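First, one chain by itself in structure tokens, the form predicted alone.
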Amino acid sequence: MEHAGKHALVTGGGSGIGAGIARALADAGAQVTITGRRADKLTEVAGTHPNLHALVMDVNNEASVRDGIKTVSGVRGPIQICVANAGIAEGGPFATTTLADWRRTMTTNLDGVFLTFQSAMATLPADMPARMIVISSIAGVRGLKNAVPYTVTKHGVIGLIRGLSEEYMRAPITFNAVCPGYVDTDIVRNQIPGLMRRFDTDEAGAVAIIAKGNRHRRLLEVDETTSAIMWLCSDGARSIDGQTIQISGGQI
């Protein structure tokens, strides 16, 4: 129970990768605050483990983030593990991307991580060890067609953790990014009907099309990302700092 007594915060913890990370941290003994905009999804996940606690919080709203994190830290203590997972994945041709589309993606995927990290770090006493982790994407280390705003934000959060790792090099806080490929979650599964129509194929064919984005040509399971996060949170990873961990079935 390496994390017993620690307070962890996972944004976007109501489903998919975020929920998997939250459960793993809770199993390891941490008290885990999961955040998101949908109270029903958060309550459902929180009900699966006594160490999970729901907080309705919108990373697009500065007051929501700062006030929410300040409140839960007052209840469960400083946030020693922060996983910035909340984000949106919207696609479309660059030529038809509107400024509103661009700003919505930037606000959620980049500004949201900035606010989450800064607010979580403000809860830490001097010299308290902590782990700050962002869920980026393989789009953070390569270009992704028809998803330029998303690609930019995922590159941006890698720049954020690299800058923070330099600024806090002598502090006991590490900053890292995990870059998964295509993971078998609702976000990915929701693309299947459209691909079936577009390519006149069945469900298995649509899954195969998505899986081609991973080097080993299969969808990743949630636990593959969760395991990497748990390693980064461990004491053994205390010198892993400013790194991008790619999970994609091969080299990008």
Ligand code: NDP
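Since we're looking at a predicted model, the values are computed, not measured. From 1 onward, residues are counted along the sequence shown.
The form predicted together with this ligand is left out here; the points below concern that form.
Contact check for K154: a non-hydrogen atom falls within 4.5 Å of this ligand in the predicted bound form. This ligand in the predicted bound form is approached by N60, whose closest heavy atom lies within 4.5 angstroms of it. Proximity of S136 to this ligand in the predicted bound form: non-hydrogen atoms within 4.5 Å are present. Mapping the unseen interface onto this chain, G16 counts among the residues with a heavy atom inside 4.5 Å of this ligand in the predicted bound form. This chain appears without its partner; in the predicted bound form, the one residue of A86, L164, A177, A120 with a heavy atom within 4.5 Å of this ligand is A86. Taking R215, K70, R38, R198 one by one, only a single residue has any non-hydrogen atom within 4.5 Å of this ligand in the predicted bound form, and it is R38.
The chain is drawn here without this ligand; in the predicted bound form, the stretch among 43 to 51, 24 to 32, 182 to 190, 198 to 206 whose residues come within 4.5 Å of it by any heavy atom is 182 to 190. Using a 4.5 angstroms heavy atom cutoff to this ligand in the predicted bound form, all of G12, T108 and Y150 count as contacting. Taking a 4.5 Å heavy atom cutoff to this ligand in the predicted bound form, none of the residues in 208 to 234 make contact.
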